[in-house]
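As a starting point, one isolated chain is supplied in structure tokens, in the form predicted alone.
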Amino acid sequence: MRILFLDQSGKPGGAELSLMDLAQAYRDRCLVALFEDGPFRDRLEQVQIPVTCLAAQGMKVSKDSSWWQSLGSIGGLLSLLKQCLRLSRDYDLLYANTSKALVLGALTSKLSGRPLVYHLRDILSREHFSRSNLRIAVTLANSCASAIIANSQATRDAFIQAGGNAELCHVVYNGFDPAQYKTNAEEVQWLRKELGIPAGQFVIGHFSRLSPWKGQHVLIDAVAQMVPELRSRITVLLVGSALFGEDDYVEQLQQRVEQLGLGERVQFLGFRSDISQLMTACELVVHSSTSPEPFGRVIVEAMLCGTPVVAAQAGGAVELIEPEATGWLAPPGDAVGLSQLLERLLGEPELLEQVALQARGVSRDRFHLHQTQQQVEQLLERCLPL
């Protein structure tokens, strides 16, 4: 089976990293076609996955674009379509990894006759998509895809609620290679020293792009509301940068930190490649999205690193954590509730260690990459013509 993977981003976000994990099983019989160039291309080349870039820059269409804004990108879309049609001749199946890739994949599938698989990694709702783009995504998925892979039950439910065909849509959780999350204790100790973290500090990590709906401000507000003697023991690491024109939010976060007197408590680390080491250096990872997360990749990554997790109680995160057994759930956007939970956990180191140990074992079994690859392979084989 030869697969042409389609993805619109040149930046290595969660969807792209999950694609890279899947594509490694097909590296001798696949091609990843990106709609724009960027560091994700380098990441693919480093693991010997064939990749090509269809354009230097991607189409300027966001999830909340209107029909008129989308029509303004037709010229760029036609250019990409022409290239995809040419590439599709050498492949048996098209694999659209994102919602934007679905548009190009659907058109290519109809014109080339190649079956299309759509990996749904978004909560398809009006909270994140314009009415027109939501209608386009659901219509194309229903009419053009031979199968739809949802990365959580929450993602599948939202698709069906938006009018999606339930029979086409199958849940396959993202997979991870546990070996990639093994760290060296000396490296972690050196990293804490490099970051200037004093011995005995309770380090809370937040790992995601800096975006309002990712909720970094909720964590900052929660720390600000902790009693002073506990707050003084906290160091917060914000790992990630603004990816999609959200630099204003970064500036707002920095101003908020200063206004709340947390300048010595919060570090903005930007984009980092040493995620496993940083997660292991934390006593706790907080996932504070204010809107339902389709999956929550960093939640499983933290589990595999042996670091306990507090996550927002919405979307796919609810499916990843068993409260008080493999982590904790907090109401989305509730800084007061999160603050109270942090104060409690700060005083229960043995419980943190016990939960982290159990979560590590569960995540290795439940989200192993080999299992995900097998499930995806079975779905793909069913899409090929007899």
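These figures come from a predicted structure and were not determined experimentally. In this text, residue numbers run from 1 along the sequence as written.
Not on display, but discussed next: the form predicted together with a small molecule.
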query	finding
The small molecule in the predicted bound form reached by all of A154, R156 and G316, non-hydrogen atom within 4.5 Å	no
Listed residue that, although the small molecule is not shown, lies within 4.5 Å of it in the predicted bound form (heavy atoms), from A141, V239, V218, A150	V239
One residue of V298, C84, A101, I123 in contact with the small molecule, assessed in the predicted bound form (non-hydrogen atom, 4.5 angstroms)	V298
Proximity to the small molecule in the predicted bound form (heavy atom, within 4.5 Å), stretch among 76-84, 164-172, 222-230, 272-280	272-280
Heavy atom of H119 within 4.5 Å of the small molecule in the predicted bound form	no
R209: touches the small molecule in the predicted bound form, heavy atom cutoff 4.5 angstroms	yes
Partner proximity in the predicted bound form: A15 to the small molecule, non-hydrogen atom cutoff 4.5 Å	yes
Touches the small molecule in the predicted bound form: K214 (any heavy atom, 4.5 Å)	yes
